[in-house]
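Coming up is one lone chain in structure tokens, specifically the form predicted alone.
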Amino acid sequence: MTFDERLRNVSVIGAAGKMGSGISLLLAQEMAKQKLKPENKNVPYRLNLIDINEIALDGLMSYLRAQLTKAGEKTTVLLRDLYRDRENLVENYDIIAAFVDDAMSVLRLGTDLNMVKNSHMIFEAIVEDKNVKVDLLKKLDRLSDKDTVYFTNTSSIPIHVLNNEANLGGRIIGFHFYNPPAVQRLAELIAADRINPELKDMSLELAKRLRKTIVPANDIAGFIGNGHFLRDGLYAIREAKKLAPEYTLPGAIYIMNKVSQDLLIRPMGIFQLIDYVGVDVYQCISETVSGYIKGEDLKDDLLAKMVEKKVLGGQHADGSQKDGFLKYEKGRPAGVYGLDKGEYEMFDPEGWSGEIDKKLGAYPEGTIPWRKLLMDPKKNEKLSVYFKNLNASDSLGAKLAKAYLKNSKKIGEFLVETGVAKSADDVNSVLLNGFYHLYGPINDYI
């Protein structure tokens, strides 16, 4: 069966979730484009969007219609070509409306797993729990044909574990989309040893169709992206604990978040990033990876305490940030959660946070916010000047930043040494493309 034939009936499980909705949008666009080709005029296309939450499925319909409209507005030249035989479609808005209707027509939404019966490609984007995933995959395999292939969006569970425990015979591959899938260009591809050779080719074709940059990762828990992110975050948590006796834990978290954003010139501070992913999700990654990698301490009780207090971060339905380690006002960090008091200590430039800023010291010459450097054609030149000045500084902030960068590099090199990544370039590519860093962790800056 060809890739195009498989693409005629596809299912997404967990379709209404944060990741599943983005995957659904990408597939709906591609299937609609295939449907519009003259040779497929009478070919039925079905994208089965399955989720246990019926209310969330209603929201998914609205989300997809709105996003398909935006996608149509960005691709009117392509759509004009696809609709060139439709003489009644003259204005751009007519063509966009027709595309949205055609894309929506391939969708079938529901809560019944039996909808996968005729699918030859199934995407799994459910909770990051090995037992739940295995149970689901077993059910899906009983309902579908024996040539059906599975794409799992797991970010930490080894693919060979899912393959072996669900008895899929090599018909599953890790296709780890980055959040949000509709925007992020990166996808990690993780193949187990016992894999159907055609599935790798299908995955590469899928990536090409969805305009994704593929970075291969070996089948070791956490892979490249979460392998680095987990260890990077744990380093920050442990450094915060070391600083806590002098600055209090909220003050220490403020320090490490500020240093990791401003002095490392990243899009978010590390605690803000953990909040964005979800404190509970981050803890789940920690627990999962710890279960497969021995001899390395990849857990921290601070995460468990935050989850116990139900201070979880994540996003609201409209995409705005929920409070986690940090409190957010108008999308920006405005306070830090204090476990002892069970409340947020709001930033106070004239008080405690202002005093910490003074102790961190002046920023090195050449410090430029991430956003301003992102599209700067002289970005690399300016980064070199900045890091030269950072190296020369002996302020508290500079010392913490240099130690952080050295540890980040150590993590990256460890991922290569232990075979998670094939090369330093692959590690850097994941952090550059998946996390929007301006530079890879394996560098000569420090």
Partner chain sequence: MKKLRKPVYAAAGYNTVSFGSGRREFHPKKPRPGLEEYISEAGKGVIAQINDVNNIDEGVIGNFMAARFNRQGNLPGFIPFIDPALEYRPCTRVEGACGSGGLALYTAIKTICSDLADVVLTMGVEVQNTVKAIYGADILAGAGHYKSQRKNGHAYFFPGQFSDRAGTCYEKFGYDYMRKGMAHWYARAVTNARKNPKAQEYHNRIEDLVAAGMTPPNPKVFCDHLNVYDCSKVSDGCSALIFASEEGLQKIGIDKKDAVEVVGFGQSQADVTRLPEDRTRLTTTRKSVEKAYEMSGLGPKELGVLEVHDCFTIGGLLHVEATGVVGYGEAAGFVAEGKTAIDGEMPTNATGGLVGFGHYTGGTGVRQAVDLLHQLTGKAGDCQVEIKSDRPYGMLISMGGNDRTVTAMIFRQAA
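Residue numbers count along the first chain shown, from 1. Note that the structure is a prediction, hence the values are computed from the model and not measured.
This next part talks about the form predicted together with its partner chain, which is not shown.
Contact with its partner chain in the predicted bound form, judged by any heavy atom within 4.5 Å, is made by just one of L143, A334, V307, L89: L89. This chain lacks the partner; the member of Q34, N391, N53, T69 within 4.5 angstroms of its partner chain in the predicted bound form by a non-hydrogen atom is T69.
Contact annotation: its partner chain lies within 4.5 Å of heavy atoms from the stretch 91-99 in the predicted bound form, the single such stretch among 340-348, 155-163, 355-363, 91-99. At the 4.5 Å threshold, heavy atoms of V77 reach its partner chain in the predicted bound form. The closest non-hydrogen atom of Y83 lies within 4.5 Å of its partner chain in the predicted bound form. Using a 4.5 angstroms limit between non-hydrogen atoms, D323 is distant from its partner chain in the predicted bound form. Its partner chain in the predicted bound form is approached by E73, whose closest heavy atom lies within 4.5 angstroms of it.
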